[in-house]
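So this first bit is one chain, no partners, the form predicted alone, shown in structure tokens.
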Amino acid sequence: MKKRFTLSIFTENIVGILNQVTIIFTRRHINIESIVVSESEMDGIHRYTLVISETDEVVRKVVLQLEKQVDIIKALYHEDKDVIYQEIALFKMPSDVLIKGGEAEKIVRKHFARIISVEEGFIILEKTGHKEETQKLFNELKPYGVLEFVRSGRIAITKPMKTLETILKN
């Protein structure tokens, strides 16, 4: 049975590593639902956070294959219950829709979105949460004229008290 997994892949910051990572998923016909790359807590080490929906067996095999790559330091997988995760979404809305103080403003307040920029003609809103939460806000604001919408991929931290340094020592 397929379920959602968050993969954490640690690498050095070198040209072409993203391709090395994604080709493993492409060859196995695994869709990457979300991917975020950032620096990690260790200097010179980057963290790739990927979200996929697969079976336990397939995920274990993929992680083993990832770790065989010379440029990959460590690869781990986690179920949703084992990570704290968030995404961020930005919404560009026409100014007049929110300035009127009508239903659109109530929707924004109900979802605890915040205004991060007021420009001539439009307002930029930010909502942090799970994908389902940001999607729900988008669906409710859509009738009021969402001009642009973008959502980041998942960022995640594991619940077990393990640091990258500890994981690498083991």
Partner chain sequence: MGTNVNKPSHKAGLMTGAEAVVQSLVAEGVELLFGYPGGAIMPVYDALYGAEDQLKHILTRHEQGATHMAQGYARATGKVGVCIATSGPGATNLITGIADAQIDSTPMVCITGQVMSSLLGTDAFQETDIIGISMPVTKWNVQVTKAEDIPTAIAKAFYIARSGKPGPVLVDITKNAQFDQVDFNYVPFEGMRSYKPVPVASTDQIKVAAELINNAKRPFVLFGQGIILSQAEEEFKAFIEKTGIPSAWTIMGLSALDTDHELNVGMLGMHGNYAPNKLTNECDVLIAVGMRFDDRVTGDLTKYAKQAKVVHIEIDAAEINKNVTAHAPVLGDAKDILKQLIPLVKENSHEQWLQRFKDFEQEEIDQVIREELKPSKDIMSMGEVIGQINELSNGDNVIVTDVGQHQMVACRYAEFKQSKSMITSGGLGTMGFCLPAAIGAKMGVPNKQVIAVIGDGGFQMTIQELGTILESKVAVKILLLNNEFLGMVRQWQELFFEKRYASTIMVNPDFQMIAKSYSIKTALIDDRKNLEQGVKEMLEHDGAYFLEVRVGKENNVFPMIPSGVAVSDIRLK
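Being a predicted model, the structure only gives us computed values, none of them experimental. Residue numbers count along the first chain shown, from 1.
We do not show the form predicted together with its partner chain, though everything after this point is about it.
- Candidate site formed by 61, 65 and 71: every one of these residues places a non-hydrogen atom within 4.5 angstroms of its partner chain in the predicted bound form.
- This chain is drawn without its partner chain; in the predicted bound form, the residue among 30, 104, 45, 124 with a heavy atom within 4.5 Å of it is 45.
- Although the partner is absent from this view, residue 23 contacts its partner chain in the predicted bound form, with a non-hydrogen atom inside 4.5 angstroms.
- Contact check for residue 148: no non-hydrogen atom falls within 4.5 Å of its partner chain in the predicted bound form.
- Taking the partner from the other structure, its partner chain in the predicted bound form has a heavy atom within 4.5 Å of a heavy atom of residue 16.
- With its partner chain omitted here, the record of contacts in the predicted bound form names 53-61 of 124-132, 105-113, 53-61, 140-148, defined by a heavy atom within 4.5 Å.
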